[in-house]
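Before any questions on how it binds or moves, here is one chain, the form predicted on its own, in structure tokens.
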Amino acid sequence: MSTPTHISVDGIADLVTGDAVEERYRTDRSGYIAPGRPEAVVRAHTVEDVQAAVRYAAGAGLAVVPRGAGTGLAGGAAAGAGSLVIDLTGLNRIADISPGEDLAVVEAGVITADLDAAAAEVGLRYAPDPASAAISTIGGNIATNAGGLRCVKYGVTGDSVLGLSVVLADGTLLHTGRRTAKGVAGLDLTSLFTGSEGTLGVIVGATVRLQPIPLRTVTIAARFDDVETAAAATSRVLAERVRPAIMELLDEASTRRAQDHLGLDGAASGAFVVAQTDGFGADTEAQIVADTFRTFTSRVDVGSDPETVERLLAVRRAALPALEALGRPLIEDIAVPRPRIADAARAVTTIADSHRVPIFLFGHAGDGNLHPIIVVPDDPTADARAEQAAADIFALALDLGGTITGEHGIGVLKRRWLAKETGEESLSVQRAIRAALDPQLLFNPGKVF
């Protein structure tokens, strides 16, 4: 298809083909670029648009790549030759916020932060808090089962999903789950589609759980001599049976880059941990966290005013954008058992030295989810060294009893590692489920399995 067109066909309101298909659909925030240009894009505004697009793609022999904001970090939404992209950002309506039920019904293209802001108007919040909340969509978060800063206490995205609306391979609209706080009727199809990365169907809507805004929030920030000490301090906090809402760790290099990115001149040095307690016991828990940190460092600050809270969390949120500005990053995403966080941090430093590549480390220390970010140097052998460093990081995670992805998903970039974690038996079962729902492998071929 070489001629740009915007046409209506088979009930599709906005089908874009040819040279009008934007290059951005070939990639996502991971930097992976799919080979070739997608054949077409459907900019969906209704569920019926999605159903028509799926049927059109099946008849035209095109693969279907669902896409939200393109903030994924594993190449899962990157579309290449032979594919039709369904852009879901136009499905951006919040259909219902129910304070009595503590839930919301939303379309897939709703921006995460927009839902949180709407919930706040009635004293509630959407607990999942990915670092990309200001730009990522609810549908994309569900498709990858995204994590976030508040995971340690409130869980990942899937822990807040009560039900889904999904378009299947024949265009059928399936509704899963419920509005009630609990329910166990039948197989848990909601969990099946959550985290499926667009391989089983197109998520077009969701019923999600909301939480009361905490009565009180206290933030504790600490600086440590090195990242291993900081990691050990976070493990000690968890051993005290405290469950902060947030506990984020940045090594010194990541902290310095984030502070520079924010223009914080003269900021303190050292590895950085920011923790947050909330609810009726916030002050008591904050005291335990602060006292525990003080057994490792004297540089501990405690505050509860909103301005201080936002300033401290801004450093964590700025970490990835700051590193992206340095060059081409490989954004890894491992999780290890929480008592092994310090071991993982120490080993990542060794891997960086061994392969002569800069690796910055930050992540969600509260649940053991770490992001070693490899910034690929500009030299002829750098790609090979960076790829081997990434392989060593994945092997490290598995050796420590962890996982190759805590929240970003498998997509394209980690596909060859999946069997090493799950085993071939598990992978065969997953492929059988996929084949049963999508016998033509219409949805996101080449991803995950």
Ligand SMILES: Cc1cc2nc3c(=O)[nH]c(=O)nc-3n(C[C@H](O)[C@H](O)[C@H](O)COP(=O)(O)OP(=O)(O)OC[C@H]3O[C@@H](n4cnc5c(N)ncnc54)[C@H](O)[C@@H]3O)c2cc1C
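When you see a residue number, it is the position in the sequence shown, counting from 1. All values reported here derive from a predicted model rather than from experimental measurement.
From this point on, the text means the form predicted in complex with the ligand, which you will not see here.
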With the cut-off set at 4.5 Å between non-hydrogen atoms, does V161 touch the ligand in the predicted bound form? no
Counting only non-hydrogen atoms and a 4.5 angstroms cut-off, does E407 reach the ligand in the predicted bound form? yes
Touches the ligand in the predicted bound form: R37 (any heavy atom, 4.5 Å): no
Is G70 close enough to touch the ligand in the predicted bound form, meaning at least one heavy atom pair within 4.5 Å? yes
Among 413-421, 39-47, 396-404, 60-68, which stretch has residues whose heavy atoms lie within 4.5 Å of the ligand in the predicted bound form? 60-68
Quick one: from E332, E197, D251, E285, grab the residue that has a heavy atom within 4.5 Å of the ligand in the predicted bound form. E197
The one residue among I341, A230, L88, A275 placing a heavy atom within 4.5 Å of the ligand in the predicted bound form is L88
Do all of R223, R257 and V348 end up near the ligand in the predicted bound form, with near meaning a heavy atom within 4.5 Å? no
Listed by sequence position, which residues of 182-205 have a non-hydrogen atom within 4.5 angstroms of the ligand in the predicted bound form? E197, G198, G201, V202, I203
